[in-house]
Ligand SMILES: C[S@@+](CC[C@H](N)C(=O)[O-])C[C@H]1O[C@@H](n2cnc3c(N)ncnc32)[C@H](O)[C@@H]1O
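We begin with a single chain expressed as structure tokens, specifically the form predicted on its own.
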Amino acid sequence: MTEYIHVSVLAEEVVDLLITEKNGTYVDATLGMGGHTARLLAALPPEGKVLGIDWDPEMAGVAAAKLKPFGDRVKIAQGNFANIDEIMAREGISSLSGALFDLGISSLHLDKPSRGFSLKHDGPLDMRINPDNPLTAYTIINQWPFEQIEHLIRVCGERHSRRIARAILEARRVKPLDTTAELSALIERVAPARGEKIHPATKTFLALRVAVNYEFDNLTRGIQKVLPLLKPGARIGIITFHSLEDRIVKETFRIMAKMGGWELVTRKPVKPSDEEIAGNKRARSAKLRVIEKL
């Protein structure tokens, strides 16, 4: 059995910036493999508790095994953080001392070929965080019209969006595109990298993942739903990994502070140190923003 190792980014910074009430209850809305939750619980006294939420049932199971030593100080709920109010009601939790959203994709997703997230490993065009989700990357690539595919990848920053979308439609007329390797090779042929550091298919793969998992909608809903559940003095910390997500968080926090009742804790995003990036390349694009309820 393969053991997937995931290094939680900005873990020290999360602990330092998120904890304001030692005996409080916190939510890790993107539990993943439990790294941030373990760090929070280790920093809190025995009275401090964490509710961990993950949309992926496999991930929730991995985290449950890892966090077993913390006993009843941690509750694990399988669900989407866009429904955080319903999940908390179900778990009998009425208020929070802090909330963490880490919007990165776990190493389990990236390194497990069958999940179809990675450019490095050949797998089916899937990309679902929750396997019950009916929409897959295969559906988008093989069934969506040219205009929708082109718009989706252009919005995620792909400047060759028309060329890539056209090539996808031409290829699928011959046979469906089934795997990540097929799609990646197709994009590499029609939009080769010219002195760029990232693979030419990176932005298209990002766009597919965002669309399949409704990431921007869920982020907006998750923030809206968690606000009334936070006590005065509680903080929200959000870690983003690309500029589109960061823009949503930055703008949302700015509006919250302007309307009153909230204060920015981080005027500029907190980024990983050079040391952390050297030890974990996936941390390099991470940004943490924090806001506090007055």
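The first residue of the shown sequence is 1; numbering continues from there. None of the values given here were measured: they were computed from a predicted structure.
Note that the form predicted together with this ligand isn't included here; everything after this is about it.
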With this ligand left out of view, choose which of Ile129, Ile168, Met88, Ile223 has a non-hydrogen atom within 4.5 angstroms of it in the predicted complex. Ile129
In the predicted complex, the one of Ile105, Ile141, Ala207, Leu96 near this ligand [non-hydrogen atom within 4.5 angstroms]: Ile105
Answer range among 248-256, 29-37, 264-272, 42-50 for contact with this ligand, defined in the predicted complex as heavy atoms within 4.5 Å: 29-37
According to a 4.5 angstroms non-hydrogen atom cut-off, is Asn80 in contact with this ligand in the predicted complex? yes
Distance check, Ser161 to this ligand in the predicted complex, heavy atom within 4.5 Å: no
Taking this ligand as it sits in the predicted complex, is Asn218 in contact with it (heavy atom to heavy atom, 4.5 Å or less)? yes
Answer with yes or no whether Ile238 is in contact with this ligand in the predicted complex, where contact means some heavy atom within 4.5 Å. no
For the stretch 258-294, return the residues whose heavy atoms include at least one within 4.5 Å of this ligand in the predicted complex, in the order they occur. Arg282
